[in-house]
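Next up: a single chain in structure tokens, the form predicted alone.
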């Protein structure tokens, strides 16, 4: 499966990137960075740090620093750099010359088969890609994204972070996918809140070689930082973004329902909320639940294979 991962790492993003880089069934064409959890300068550097940590040749492109219509919003739970908790070596390589939107367009159009686009940050890059290069829509297999919720939010009572940061971009993406009948898989908070690594899992992962130690160190920081804002459980950390990669590899671990989705782009209290309509289902597959134990077994097995 050919994949592009648009991301704003971010500690749970780091886990998703690690899986995407090392899962044998995936061919990762490009990592495109967007401003989100931290600034785009930091998210791009973090993506490149992970590529170099794992010794891969995947290109990294720097994308949009600002949402379409509002000032950037960042979060403190990932630390100042976005991947606090582990001392990465200095970056040796460089980003691709083109803006991430151009790099995405080139990678999609040059791929030997339809590409799966995965987005685990604000959808600014993706919205601009669809508006500037609509021809990519016939070269995409589907869009898989972490964002939104059919339940409560984590930035406001109604809105999830990735959608809240750039709701106009999210609406462009959902509108475009519906118009062109491009399948969308939505991994929202109602499901990702079930994706939990416990502190016991941190200890298990820490024993799984260099990669396991790196991720366990990041998770430990994320767990402690999340306690200060009440976002994560007392027993561990939620790994929201990893669920997108797990879905690509093991869709049988997930329960889903079809729906249509729109985004509240008003300036009212529900700004950034995803309005999910199950009564008029269209092109969006909304994940309802997952088998968290099987996802954890898959992740740990992947880390063991990296070190073998």
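Just so it is clear, the model here is predicted, and its values are computed rather than measured. Numbering follows the first chain given and starts at 1.
Below, we turn to the form predicted in complex with beta-D-ribofuranose (BDR), even though it does not appear here.
- The candidate spot formed by 201, 237 and 296 is out of contact with beta-D-ribofuranose (BDR) in the predicted bound form: none of the three has a heavy atom within 4.5 Å.
- The closest non-hydrogen atom of residue 37 lies within 4.5 Å of beta-D-ribofuranose (BDR) in the predicted bound form.
- Interface residue remark: residue 170 is not counted as part of the site for beta-D-ribofuranose (BDR) in the predicted bound form, having no heavy atom within 4.5 Å.
- Among heavy atoms of residue 120, some come within 4.5 Å of beta-D-ribofuranose (BDR) in the predicted bound form.
- Of the heavy atoms in residue 217, none are within 4.5 Å of beta-D-ribofuranose (BDR) in the predicted bound form.
- Listed stretches are 152-160, 202-210, 125-133, 176-184; the contact stretch with beta-D-ribofuranose (BDR) in the predicted bound form is 152-160, by a heavy atom cutoff of 4.5 Å.
- This chain appears without its partner; in the predicted bound form, the one residue of 116, 75, 190, 226 with a heavy atom within 4.5 Å of beta-D-ribofuranose (BDR) is 75.
- Along 253-285, a non-hydrogen atom within 4.5 Å of beta-D-ribofuranose (BDR) in the predicted bound form is carried by no residue at all.
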